[in-house]
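A single chain comes next, written as C-alpha cells; it is the form predicted on its own.
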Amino acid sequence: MSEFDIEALGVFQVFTGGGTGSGFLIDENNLLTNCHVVAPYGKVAVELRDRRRIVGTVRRLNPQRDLAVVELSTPLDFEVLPLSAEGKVRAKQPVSIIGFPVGLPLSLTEGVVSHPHQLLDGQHYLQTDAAINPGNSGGPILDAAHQIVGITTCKLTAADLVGFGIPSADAVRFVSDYREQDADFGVECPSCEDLVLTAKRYCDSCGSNLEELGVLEHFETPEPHPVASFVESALARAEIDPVLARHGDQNWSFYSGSAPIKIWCCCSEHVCFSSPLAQPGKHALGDLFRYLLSPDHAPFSFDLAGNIIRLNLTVHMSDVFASQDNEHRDWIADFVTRADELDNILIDNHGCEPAPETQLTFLKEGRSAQSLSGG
C-alpha cells in the first residue's frame, strides 16, 4: 500500500461508559462506527488529535449488522475516506486497518484478505489476517486505493490473526438510509431493516418480536452505578461534562487545562484520583520535596511514579455511598482545579519539566494568561 498521512484521515477514538473504540467520518458532521462500540449510550465522546473531546449523539443503530451513526457536536475538517459501494475484494488482496488498538494513538496494521465473503453466525464478513485488537472496532479497513472496503468489527479470541470486517456495501446502504432519516433516533429492525422509532414490542412493518430480538434495550438508558453517579456528580460541580470524561466502566480520563486527570476504582474499597503533573528538574530538589511534603496540600498528596510527580486523592467507598456527603464531592472539584494550577507552579517555581502527558498547548495558554494578569 502506498504511503499516506494517517493523521490527516477522519478516523477518531470513541469513548463511552463501557469502553473505547474507533470510528470514521462519513462527512464533516457524522461518524460511522460499530453498534457495540456506542450502545447503550445515547451520548459519546470523540477525541480529536489535540486530545480535546467533543460530544457525539447516536442517531441510528443496526444491532444485527453492528453499525451506528454518531452526529458530532462540532464539524471536523479531516479527510473523508470513500466507502466502496461494491466492496469487492479478493483473497490475498492487501488491506490496512486503521484505529486505536488497546488505547494506543492512531495506528495502522497491514495484512491481506483471508476470505472476501466468510460466513459466520449466519452473516457474511470480510476476513483478514491484519492485526485487530480491542479498540480497533468501528475503524475502517482500506484497500490499496485508500477506499473503505470494510468496517472492523471483531476477531476470534481463540485464534491468531483471524479478524472480521463488515463489508462496505452494507455500510453504504446503512448510511444512505440515514441520509433520509427525519427522526432524531432509530434502530433498524433485525428482520426487515425498517427503522423502529420507539420501544414497541412488535415491528410495524414485518411483525417481528422486537423484545426477543433485543431491540428494546437500545431505547433504555442504563441505570448508573453508584460509583459513576458519585464521580460524575462531582465532575459536574467542577464544570466537567461527564460524557466527555468517560473512559470505560468506572473509569474516567480528561484534561483540566493542561493537566491530565485519571479516575478509576483500584479495588472494592477505594476510588482513586490521580494527575501526572511534572518531572523533577536537576536542581533545588530539597526545596521541591519540601513543597510536595507540606501538609498544606491536604486532603491531597503527591507521589513519585518513576520520574513523574503525581497529585493524588483517594476516596473510600463508604464515602461514595453516603448520599448526603457533599464534602468529598467538593474535594474532587477542588482536585480538578488544583491539578491545572499545580503543573504550572512546579514548572515555573521549582524547575520541573512537563510530564509526557501534559497538554502543552493549554500549559502555554495558562502561563500566558498568568503573565498578562500579573500572576
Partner chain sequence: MEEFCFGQGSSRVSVSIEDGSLHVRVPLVRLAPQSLTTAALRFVLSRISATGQLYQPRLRGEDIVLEFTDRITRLHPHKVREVLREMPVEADANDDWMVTEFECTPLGREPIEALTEDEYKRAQNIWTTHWLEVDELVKVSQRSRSMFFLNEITAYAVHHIQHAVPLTGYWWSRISAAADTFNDSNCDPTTREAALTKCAKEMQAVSTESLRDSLGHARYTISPHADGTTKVLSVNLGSGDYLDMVMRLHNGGRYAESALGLISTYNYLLARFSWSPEIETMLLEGLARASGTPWRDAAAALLEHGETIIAAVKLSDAEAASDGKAASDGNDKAESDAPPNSDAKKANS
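Positions refer to the first chain, counted from 1. This is a predicted model, so every value here is computed, not measured.
Keep in mind that the form predicted together with the partner chain is missing from the display, and what follows is about it.
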Subject >> Non-hydrogen atom contact residue 88 with the partner chain in the model of the complex at 4.5 angstroms >> reply: no
**OP:** Report yes if any heavy atom of residue 299 sits within 4.5 Å of a heavy atom of the partner chain in the model of the complex; otherwise report no.
**Re:** yes
**OP:** Evaluate residue 272 for contact with the partner chain in the model of the complex, applying a 4.5 angstroms cut-off between non-hydrogen atoms, and reply yes or no.
**Re:** yes
Original post:
If you check in the model of the complex, is residue 104 within 4.5 Å of the partner chain, heavy atoms only?
Top reply: no
Original post:
Which single stretch, out of 96 to 104, 286 to 294, 147 to 155, 204 to 212, brings residue heavy atoms within 4.5 Å of the partner chain in the model of the complex?
Top reply: 286 to 294
**OP:** Answer with one of 219, 185, 264, 78: the residue that has a non-hydrogen atom within 4.5 Å of the partner chain in the model of the complex.
**Re:** 264
Original post:
Which one of 239, 303, 180, 160 is close to the partner chain in the model of the complex, taking close to mean a heavy atom within 4.5 Å?
Top reply: 303
